[in-house]
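Just one chain is shown here, as structure tokens, and it is the form predicted alone.
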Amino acid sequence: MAVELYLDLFSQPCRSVFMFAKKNNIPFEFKKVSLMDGEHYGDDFGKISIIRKVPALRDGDFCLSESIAIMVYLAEKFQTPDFWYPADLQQRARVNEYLSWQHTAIRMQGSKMFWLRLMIPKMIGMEVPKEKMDGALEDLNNSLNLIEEKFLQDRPFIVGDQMSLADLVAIVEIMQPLGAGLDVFDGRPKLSAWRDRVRTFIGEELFDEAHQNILGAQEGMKQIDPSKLELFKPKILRLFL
């Protein structure tokens, strides 16, 4: 029986789960949950995830939230190739090190830049103060420097010669600011070469499918009714301003 994956590919963690499942030929039913329409606050989704976040998984009577937990569950249930989440103690520790670090670093900063540059000005109609934007950009660049200098170094991928969950989680977060018109790869040849290796490994068609929505976000904003964000406005301003 196929698992159900509740996803919105506008979300970075959803893209990592989507690519992981598709790349590994894991049978799943794609259940679209529109974040912009607030569908994650609906009664039906509340039965799947009480924390109201995507991605979410349902496997029979078993429900699971959080993208990393979902990918590890899928890796073990479907016995995906070892390189994704290595059995070797030290290699797995390196994967876990990155996954533990990224939550409060590149994930937070890439998302913040996307909201400050695109969502808040376009959808809420507020200009972001220059000092706020400059500080967010500095934080983002500091994390990108750490990815290059600490996590990648001179290796093809974060753990070494092979792709892992760490690379998959990293790429979706680093791609997020591109949706707001910020090319984080400009002037970073090491990061650009790594991105190209990840895209080639995942498969260009699948990689581009997963990122189609976010890379078209600037154009897509023109089609969205700003009133849809009124429900989220207090939380958005509290998080990002």
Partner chain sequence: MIYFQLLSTVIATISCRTHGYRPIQYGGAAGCAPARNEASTYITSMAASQQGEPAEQLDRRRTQQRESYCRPSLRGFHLADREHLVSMATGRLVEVYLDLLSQPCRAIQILLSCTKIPHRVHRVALRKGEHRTAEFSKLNPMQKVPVLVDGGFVLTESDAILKYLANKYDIPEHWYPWQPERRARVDEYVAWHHTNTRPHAAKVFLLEVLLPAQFGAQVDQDRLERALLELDATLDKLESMFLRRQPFLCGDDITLADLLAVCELMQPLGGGRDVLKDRPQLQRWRSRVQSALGESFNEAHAVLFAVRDRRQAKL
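Residue numbers count along the first chain shown, from 1. Keep in mind it's a predicted model, so treat the numbers as computed, not measured.
The discussion below concerns the form predicted in complex with the partner chain, not included here.
When the partner chain is considered in the predicted complex, S111 lies well away from it, no heavy atom lying within 4.5 Å. Although the partner is absent here, L182 is not a contact residue: none of its heavy atoms lies within 4.5 angstroms of the partner chain in the predicted complex.
Among heavy atoms of D88, some come within 4.5 Å of the partner chain in the predicted complex. Residue contact check for K150: one or more of its heavy atoms lie within 4.5 Å of the partner chain in the predicted complex.
Of the residues I26, C63, L178, L35, just one reaches the partner chain in the predicted complex with a heavy atom at 4.5 Å or closer; this is C63. Within 4.5 Å of the partner chain in the predicted complex, a heavy atom is found for all three of Y73, N96 and W101. Annotated contact segment (heavy atom within 4.5 Å of the partner chain in the predicted complex): 47 to 55, selected among 169 to 177, 194 to 202, 26 to 34, 47 to 55.
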